[in-house]
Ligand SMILES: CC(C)(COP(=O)(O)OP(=O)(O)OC[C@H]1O[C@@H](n2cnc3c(N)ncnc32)[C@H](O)[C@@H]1OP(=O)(O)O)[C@@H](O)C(=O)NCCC(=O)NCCS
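The chain below stands alone, shown as structure tokens; this is the form predicted on its own.
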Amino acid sequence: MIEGNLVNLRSPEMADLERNTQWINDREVTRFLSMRYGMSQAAEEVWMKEVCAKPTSYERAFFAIETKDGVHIGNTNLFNAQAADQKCELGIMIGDKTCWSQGYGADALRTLVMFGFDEMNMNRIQLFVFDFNERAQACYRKVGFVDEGRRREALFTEGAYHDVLLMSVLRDEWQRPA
């Protein structure tokens, strides 16, 4: 378990299946993710079994996000790690909407970024975020990510094209939480 101030990051468990299935079938949650379509519980179970069967590693650092009182509220991961370049991508989902805008996402991000730099020896952590997800952009900036680029009209959703922003944080620029 990796401890943050408000959350802990822990290994995913099959007990998370029902919550994950609920979240990925909630359009209010998934409209901010690259996941376009819902998923059956059977399909989610296949995916969860694969995730739970593999240990956390350089290639796959996937974590469930829990509040300090043990409530599973989302998931986060570092993926596409490239050892030669010491870089990876970050993904996060706070699926429990009652926990939005309460600091849990920022704390999970800080905790995961620290893990990426201190334990995985990353130099660069990057992410992509949709231009209409202003709450996430503000959270990423709060944690230390900076805007790097814009993929114009790279996403078609809800009947319109949207830009996808590239943001990153570098180890030597990142300010450790006090």
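Here the structure is a predicted model, which is why all the values come from computation and not from measurement. In case it trips you up, residue 1 is the first one in the sequence shown, and so on.
Absent from the display: the form predicted in complex with the ligand. The rest refers to it.
The closest non-hydrogen atom of F145 lies beyond 4.5 Å of the ligand in the model of the complex.
Contact annotation: A81 falls outside 4.5 Å of the ligand in the model of the complex, judged by heavy atom distances. Among residues of the shown chain, C52 is not one whose heavy atoms approach the ligand to within 4.5 Å in the model of the complex.
At least one heavy atom of F32 is located within 4.5 Å of the ligand in the model of the complex. Taking a 4.5 Å heavy atom cutoff to the ligand in the model of the complex, the contact residue among R60, R152, R135, R36 is R135.
Of the candidate stretches 136-144, 52-60, 111-119, 39-47, only 136-144 has residues whose heavy atoms lie within 4.5 Å of the ligand in the model of the complex.
Residues of 86-111 that come within 4.5 Å of the ligand in the model of the complex, judged by any heavy atom, are I92, M93, I94, C99, W100, S101, Q102, G103, Y104, G105, A106 in sequence order.
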